[in-house]
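One chain is shown next in structure tokens, namely the form predicted alone.
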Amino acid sequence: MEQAFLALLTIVIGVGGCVGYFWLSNIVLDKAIFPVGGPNANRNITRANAVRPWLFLLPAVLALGLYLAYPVFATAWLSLNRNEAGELVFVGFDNYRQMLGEDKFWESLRNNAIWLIVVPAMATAFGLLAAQLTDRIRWGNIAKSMIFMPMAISFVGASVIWKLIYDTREAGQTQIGILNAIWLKFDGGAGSFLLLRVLPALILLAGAAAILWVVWGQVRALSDGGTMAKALRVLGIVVGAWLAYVAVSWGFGAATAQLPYGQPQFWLQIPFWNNFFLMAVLIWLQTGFAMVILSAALRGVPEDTIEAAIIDGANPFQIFFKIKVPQIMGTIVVVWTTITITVLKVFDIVRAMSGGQQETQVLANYMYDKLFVAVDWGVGSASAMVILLLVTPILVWNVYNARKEMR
């Protein structure tokens, strides 16, 4: 009861304080600083209207400075110091050198890079596919609700759900984990060959073909635009070619792998691949977000362009890829970069499901381990600055594209 009363009191004081501040600031501005009467009334009204928005923004600016700007500078300072016997000692960039010399840091950086490649691409692609398909079926709103529902679950809650899916019992015991229950149905026969070898290989090869198609489009457009655009296209071509090579090599590996049929698998303890099992959780959570944003963008595509394409004989795939997708590319980029920022800060899923063990460490969890497990403020703050350094360019790019989309 006491907690409920304190919460209610906080709400009343907070809302009342905001209303009181705005009311009092208007009184002071219009009565004391820039009076609306007298010979200078017009000039005072103009000045008051110019100052009023900044006066209203002042509490938010102060709060952002206190809770965002100050922690950034404090963390940067901590990253240049070391805690020795309860006192901060300035050590310069020693913390960064120590961090760069640790294998766990490079493991977390590598894993974050894999997350950055896989999660935004898969979540955006599934969201775009769901947005397109649900708009064409009668029960599309129900399907959208089901796909969006995971967004209401916290990262920790989703991790608990998926940890049960990946649960493993000893051989001979009843498997309560859905994935192992399905896995044990395969015996190496024709069904196993088709579903676990041929199908994954075909999916990976199709992904490689799609990547190469995008790369070819960038190669053909290489001469367009300015120097920056050309440099970005060259970078995209290189990255795309590498991703296509990786997809082809994985496809070959899936087709030729020797699989341990009949044995329950500890999915979260399989090095390298356990990262993808963790990524599935975030893809599941973010697909609904991507679907909602991209569905609104698709509905904004002018009908006359689609009708003109139909009259010209375009098929549904051509309409989607050559008419709709180019017109919503700005929204796709915003969704992609928003999910990318979320991926760079991913912590809850890894902490709840693997604790960063078995080669699943990521930067945010590495920072947590340094700050609160090893109590190494210097290296922990240095890793926090690395995360900030990686997030900032993407955040700036996201804001730029959002403003461009609004214009």
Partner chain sequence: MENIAGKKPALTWAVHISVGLLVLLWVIPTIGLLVSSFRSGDQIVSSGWWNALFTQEQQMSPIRVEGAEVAKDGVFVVEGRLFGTDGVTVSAWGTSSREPTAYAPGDTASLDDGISVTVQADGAYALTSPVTTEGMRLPRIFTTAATPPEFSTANYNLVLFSPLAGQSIFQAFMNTATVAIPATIIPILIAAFAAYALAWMEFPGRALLIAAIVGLLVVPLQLALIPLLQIHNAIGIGKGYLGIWLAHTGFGLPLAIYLLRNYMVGLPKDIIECAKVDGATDFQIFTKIILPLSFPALASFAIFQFLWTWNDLLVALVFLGTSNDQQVLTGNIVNLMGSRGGDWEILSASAFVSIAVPLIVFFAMQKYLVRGLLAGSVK
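Residue numbers count along the first chain shown, from 1. These numbers come from a predicted model, not from an experiment. We call the rigid core whatever largest set of C-alpha positions still superposes within 1.5 Å between the two forms.
Unshown form predicted in complex with the partner chain; subsequent notes refer to it.
Candidate site formed by Trp54, Leu64 and Leu388: every one of these residues places a non-hydrogen atom within 4.5 angstroms of the partner chain in the model of the complex.
Judged by heavy atoms within 4.5 Å of the partner chain in the model of the complex, the contact stretch among the candidates 164 to 172, 196 to 204, 209 to 217, 270 to 278 is 164 to 172. Taking Trp183, Phe105, Phe289, Trp115 one by one, only a single residue has any non-hydrogen atom within 4.5 Å of the partner chain in the model of the complex, and it is Phe289. This chain is drawn without the partner chain; in the model of the complex, the residue among Ala60, Ala41, Ile33, Ala374 with a heavy atom within 4.5 Å of it is Ala60.
Not displayed here, the partner chain is kept clear of Val28 by more than 4.5 Å at the level of heavy atoms in the model of the complex. Asp187 falls outside the set of residues with a heavy atom inside 4.5 Å of the partner chain in the model of the complex. When the partner chain is considered in the model of the complex, Thr331 lines it closely, a heavy atom lying within 4.5 Å. In the model of the complex, the partner chain stays beyond 4.5 Å of every heavy atom belonging to Asp94.
In sequence order, Leu133, Thr134, Asp135, Arg136, Ile137, Trp139, Ala143, Ser145, Met146, Ile147, Phe148, Met149, Pro150, Met151, Ala152, Ile153, Ser154, Val156, Gly157, Ser159, Val160, Ile161, Trp162, Lys163, Leu164 are the residues of 132 to 164 having a heavy atom within 4.5 Å of the partner chain in the model of the complex; the partner itself is omitted from this view. A movement of the C-alpha atom of Leu68 falling short of 2 angstroms is seen between this form and the one not shown when the two forms are aligned on their rigid core.
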